[in-house]
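Just one chain follows, in the form predicted on its own, and it is written as structure tokens.
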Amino acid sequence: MFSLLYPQQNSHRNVLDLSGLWQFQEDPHNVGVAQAWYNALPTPSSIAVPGSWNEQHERLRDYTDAAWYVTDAWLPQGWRGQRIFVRVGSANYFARVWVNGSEVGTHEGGHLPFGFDISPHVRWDAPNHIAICVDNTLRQDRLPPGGVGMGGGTSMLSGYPLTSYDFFPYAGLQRQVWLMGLPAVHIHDITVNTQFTRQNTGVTGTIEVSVQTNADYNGAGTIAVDGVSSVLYFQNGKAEGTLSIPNAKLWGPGHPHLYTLRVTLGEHDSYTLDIGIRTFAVKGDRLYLNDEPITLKGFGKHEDFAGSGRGLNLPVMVKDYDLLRWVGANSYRTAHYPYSEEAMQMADRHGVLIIDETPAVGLAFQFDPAIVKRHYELCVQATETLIERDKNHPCVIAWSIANEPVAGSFFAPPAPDSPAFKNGAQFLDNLIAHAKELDPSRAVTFAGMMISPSAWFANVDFICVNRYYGWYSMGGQLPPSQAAFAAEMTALHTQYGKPIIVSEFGADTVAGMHAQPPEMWSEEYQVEVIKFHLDFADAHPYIACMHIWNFADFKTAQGIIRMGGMNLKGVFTRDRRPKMAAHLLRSRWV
């Protein structure tokens, strides 16, 4: 049983970050296992971990098959007596792990952490040889699907490498690899829920805490916040407790107050967790944070930068949060996969609200039923892991269980009575119900594209729509685009009466290109497209959020609709220089 709690060094726990230069070798013919590459690579080169391999060597730009990572690491003698784990923050896409020549486990799925107990295999008097084979082969039965173009088929618009999604299929060990030493009996999981009441004397916060250990522990523990503590009584490894915090400071944009929750397990273990006291609710056609209506303003984003690709890049992450503050944004969606744990920590500290999305992008229900079934199993796994990882972050207000699912081809949507249409509805409804069961405290949604059936929105808490009026639809026609957008939003609100989040809108823009009157690809045209969407939202409060696509330009597959292999819809360039649109947003949001 592997804990998804973020690695933490304290008086009971030990961590060793293995970030740095590893040995690397691609394995296009899958001979590495048979030839025991987990013991030694034949002709290795150096590569940085974390980081996407596609950005680090010229020969690897379009390489998406199997490759090997190898490093050696000493374990400190002070770790003796502890259970030793290896933890991988993100391996795209399928990983096999060896320690000192013994295979310790496999994992499918990128962007989320996994790990294995390697205690029986470690050495204390010599370096430990760690080998990880990562396979990012683009296959239709993976999540997201690869080897097919957008919409589940192939066309002149599909691009290269062939993906069902509009971002580059970066591969490799893209977040840290850790060694961890944990007590034999340790805290496996913590779940926190918060509420508050307003009284004449101030705000009283309530913190409900559930703790689970890795074994059937029966004994005492404690929880404590800000000098307030309570005893936990564990039975069969589980305990629950509640803390009441007088004069509580609520968490939210502009006032992201965090409390430190400390959990102890007798003399065995301890763990601290930053938490925020806040509530989130959907009432009618509005969103409410801490019982106050709130409108979200921000972006879709990507983890993307030259050199590191999708790899964890802390300086760029800090820069991005500073630009979010500068432009006046208060939220974003983790399009189209879970972001790093450090990004969630930064959102907690800066008061940025997050719609947290699984990697379920590119789903199409005209696939073979066996593939759809496999996609569902992978979606369940990703949803469960994401919620377990991020459930205690106050920044996370909603789970997005998919992006732009379609019933069939982009160019020939099936009829409402078709099997693909019905299968898609059942697929999404089941995922929504499962997410709500796992976490009743947050909203659940998915982002629909222009051909995603509106009937599929029946069970979401709020509606997310990706709309490109003025670009993919009615390109260059600003007044008709504005009218069509207004008509569709009005119809959706009339049909469902739910809050509507415009989760994507925008226009590709070449930085420095200008036109008067505005023309497509110019900075002026991007400004006009963004402006008419924002104007409509300002006049209609049921538009609860405007997330512009995109925060910054990002890398895609090469194709005839992607100049330079880039999606250029960012209001910042890939190197974070503001376009005219960024200044427009700052003038309206700050």
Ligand code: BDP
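All residue numbers refer to positions in the sequence shown, first residue = 1. What you are looking at is a predicted structure, and each value in this text was computed from that prediction instead of being measured.
What comes next is about the form predicted together with beta-D-glucopyranuronic acid (BDP), which does not appear here.
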Interface residue in the predicted bound form among N214, T383, T163, N466, criterion: non-hydrogen atom within 4.5 angstroms of beta-D-glucopyranuronic acid (BDP): N466
Can you pick out, from Y69, W53, W549, Y525, the residue that has a heavy atom within 4.5 Å of beta-D-glucopyranuronic acid (BDP) in the predicted bound form? W549
Here the chain appears without its partner; judged in the predicted bound form, the stretch of 234 to 242, 219 to 227, 398 to 406, 512 to 520 with heavy atoms within 4.5 Å of beta-D-glucopyranuronic acid (BDP) is 398 to 406
Does at least one non-hydrogen atom of E504 fall within 4.5 angstroms of beta-D-glucopyranuronic acid (BDP) in the predicted bound form? yes
Exercise: F196 in contact with beta-D-glucopyranuronic acid (BDP) in the predicted bound form, heavy atom 4.5 Å: no
Taking the shortest heavy atom distance, is F554 within 4.5 Å of beta-D-glucopyranuronic acid (BDP) in the predicted bound form? yes
At 4.5 Å between heavy atoms, is N14 in contact with beta-D-glucopyranuronic acid (BDP) in the predicted bound form? no
Within 545 to 583, the residues that have a heavy atom no more than 4.5 Å from beta-D-glucopyranuronic acid (BDP) in the predicted bound form: W549, F554, R562, N567, K569
